[in-house]
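Quick heads-up: it's one chain on its own, the form predicted alone, in C-alpha cells.
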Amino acid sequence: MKLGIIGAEKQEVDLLVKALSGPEGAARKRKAGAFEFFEGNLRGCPAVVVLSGIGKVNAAICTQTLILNFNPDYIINTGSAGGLAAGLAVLDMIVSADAVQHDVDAVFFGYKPGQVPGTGSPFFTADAFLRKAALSAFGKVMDSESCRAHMRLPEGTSPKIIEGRIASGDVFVSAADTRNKIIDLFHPACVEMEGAAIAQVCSVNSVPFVILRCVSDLAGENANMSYESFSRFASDISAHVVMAIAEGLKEEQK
C-alpha cells in the first residue's frame, strides 16, 4: 500500500519530508516532470510526498504526474483553508466529504454551478475509508501530549474536526460578496485553491482520495492577517494528522 501526499506550500510538506525514512536514512528524491518527489516510509507506510505549488492547474498537473510515475493506492491532499461553516474556528480541521470547483461556471451550456463540462456532477466524493482514517488520526494526534507539544499550539487552543465540503478556486477569498456567493451556491465547510482539482484528477484515474484542511482564517475581511499568523500552525496540524493516518494504514496491513 502506497500513499501519495500533496501539499501546495513548502510549509505544508516540510514536516512530512523530514519524517520520511529510506534505506540510507533520508528519503529518496526523484524528479518527474516539473516536480520533486520524495519517496520513503512514513511511520512505516510507503509514501511519496510532493509540493504542487498553489492553484488548481499546478495541483492537477502534479496529481497526474504523481499517479503516472508512482502509482499510489491512496492520495491525501494536506494543507490549510479559509473556514466557512458556522461554528468553525481557526485551527479546526475539515475532512472532505466531497469537493467542488466554485469558480467553474458553464451554466449557459446546461451544467450546474461548479460542474466541469463532461462530468456527471459538480461534486467529487472522497473515499469513505480515508475519511474514517482521518477522523481517527485526528483524535490520536489531539490526545497525544508529545504531538501537541511539538505543534506548540497557541494557549487555550482546542481544535475540533468535522466532515464537510471543500470548495476550491483560483482566488484567495476575503471579499464578503465572494464569500457569500460561494456559501449560497455550495454550502461548503471551507474554501481553498487546490483540493477539488486534485479530487477531479483522482476521480478520473479511479484513485481514492481525501482532502484535509486545517483552518488558517475565516475567509473574511482579516483573512490575510489571520493566514499569516496561523498558517504555520494549520500546516503542522495537518501534517501530524497525515502521519497518524500513515501509521494507522500500516497497522491495517498487519
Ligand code: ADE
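What you see is a predicted model, and the numbers here were worked out from it, not measured in a lab. When you see a residue number, it is the position in the sequence shown, counting from 1.
Separately, the form predicted in complex with adenine exists; it is not shown, and the next lines address it.
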Work out which of Ala133, Val104, Val95, Val173 lies within 4.5 Å of adenine in the model of the complex, going by heavy atoms. Val173
Interface check vs adenine in the model of the complex: of Ala59, Cys202, Leu66, Ala219, the one with a heavy atom inside 4.5 Å is Ala219
Is Met193 one of the residues lying within 4.5 Å of adenine in the model of the complex, judged by heavy atom distances? yes
With a 4.5 Å heavy atom cut-off, would you call Thr78 a contact of adenine in the model of the complex? no
Can you tell me if Phe70 lies within 4.5 angstroms of adenine in the model of the complex, counting non-hydrogen atoms only? no
Is there any non-hydrogen atom of Tyr227 lying within 4.5 Å of adenine in the model of the complex? yes
Pick from 152-160, 104-112, 79-87, 137-145: which stretch has non-hydrogen atoms within 4.5 Å of adenine in the model of the complex? 79-87
